[in-house]
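Heads up, the chain below is alone and in the form predicted on its own; it's given as structure tokens.
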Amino acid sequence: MIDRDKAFHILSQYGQEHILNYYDELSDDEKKELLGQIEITDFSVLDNLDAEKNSNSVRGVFAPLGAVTTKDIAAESDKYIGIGLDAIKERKVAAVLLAGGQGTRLGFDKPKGMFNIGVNKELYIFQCLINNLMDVVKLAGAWVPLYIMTSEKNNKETIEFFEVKDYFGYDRRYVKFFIQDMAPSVDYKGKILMESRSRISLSPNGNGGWFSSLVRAGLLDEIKEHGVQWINVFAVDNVLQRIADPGFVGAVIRSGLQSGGKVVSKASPEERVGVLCLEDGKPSIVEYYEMTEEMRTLLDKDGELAYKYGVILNYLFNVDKLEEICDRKMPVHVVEKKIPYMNDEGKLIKPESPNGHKFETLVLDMVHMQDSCLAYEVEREKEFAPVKNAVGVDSVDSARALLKANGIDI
């Protein structure tokens, strides 16, 4: 671990020496905690406060991107599944679960994956995902390496939960946990905020930070040693998510493209979902709020929405290309947030309106850094049951209804 002098040197490069203002008053444990935070924090994100470097930039020229449709997939299903199963059996496929978030919006103060979505029995979100992956393990007769990204705040609780639940029957030798890199929060003057005298205000660096976090954790060497060529990355909150899906894996490999993204047909032009498309000739994701009315309603020659395919955060990336991206550095987005902070009197203040900035990397930028991406359409009712809200759209109730509709006992 770094010492005080090294920490001061790091902070002075960014004009953030105030972080050590109370250092001499801290206990030994508090000093260790603060120095540990300074050591793992990526202060280079502060450069993005410069408007010219900020990645919240004007987007390029968009164009529609077609997909391998559910009809196409049905016609080639056996071929795709065969190729995918071969890759899984040869240990060429691994999975990364993005599980750094809390269940705050569900009224649940623990890691979101620990939420019990069952009605008549216990059925946790993590359990649903492991069950889905076990379907593939049984079909392939081979375990899929699973890497679970947690956050600084929920890592210990997540690991303990998996231990208590005996990994829901998954072979623990194939499960590894790693902590997402953290980024500092700043006020509008660019000064890093403190949660207390011994804690910097940190937050996970966005869903695009999963690969750099995996590399920092030292897991890339293991992945390469095992011969893994493809990584399927997916979010924790979709309980019908198909992971290391042989058909998806096989279709991407057969296509010869660098990556793949699972998509669903939009329910309507107004559906608030990011769409897989082209931007300046490269694969990209355009968010709903970035689309013009013309883009939202544009029809193709068959009378279908041209920008039709909504993403569900389930991507397949090539390991070699990911390494190349990591070396090039991901774009960083600066976002306004309400950030709890310690004031000059040492009191924790919880603001009611935005008071500063956080820094995020986004997986959509990772998609745009690919030369090509296969849009792979799946049936919404079978693979898309997000648990984002306590009630209403994409809620606990809607996910439960979809689990039942797919014959899953809850």
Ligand code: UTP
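Throughout, rigid core stands for the largest set of C-alpha atoms superposing within 1.5 Å between the two forms. The structure presented is a predicted model; accordingly, all values stated were derived computationally and were not measured. In this text, residue numbers run from 1 along the sequence as written.
The discussion below concerns the form predicted together with uridine 5'-triphosphate, not included here.
- Residues with any non-hydrogen atom within 4.5 angstroms of uridine 5'-triphosphate in the predicted bound form fall in just one of 94-102, 251-259, 271-279, 167-175: 94-102.
- Checked against uridine 5'-triphosphate in the predicted bound form, the residues Met149, Val239, Val332, Val263 give one hit for a heavy atom within 4.5 Å, which is Met149.
- This chain lacks the partner; the member of Lys110, Lys337, Lys191, Arg296 within 4.5 angstroms of uridine 5'-triphosphate in the predicted bound form by a non-hydrogen atom is Lys337.
- Shown alone here, Pro184 lies farther than 4.5 Å from uridine 5'-triphosphate in the predicted bound form, counting heavy atoms only.
- Uridine 5'-triphosphate in the predicted bound form comes within 4.5 Å of a heavy atom belonging to Pro204.
- Uridine 5'-triphosphate is not drawn, but in the predicted bound form it has no heavy atom within 4.5 Å of Val144.
- Uridine 5'-triphosphate in the predicted bound form comes within 4.5 Å of a heavy atom belonging to Gln180.
- Within 4.5 angstroms of uridine 5'-triphosphate in the predicted bound form, the stretch 304-331 places a non-hydrogen atom from Leu313 alone.
- Relative to the superposed core, Thr292 undergoes a C-alpha shift smaller than 2 Å between the shown form and the other one.
- The two forms, fitted on the rigid core, differ between the shown form and the other one by less than 2 Å at the CA of Gly169.
- After superposition on the rigid core, the Cα of Gly103 moves by 2 Å or more between the shown form and the other one.
- In the predicted bound form, the Cα atoms of Gly103 and Lys121 sit 3 Å or more farther from each other than they do here.
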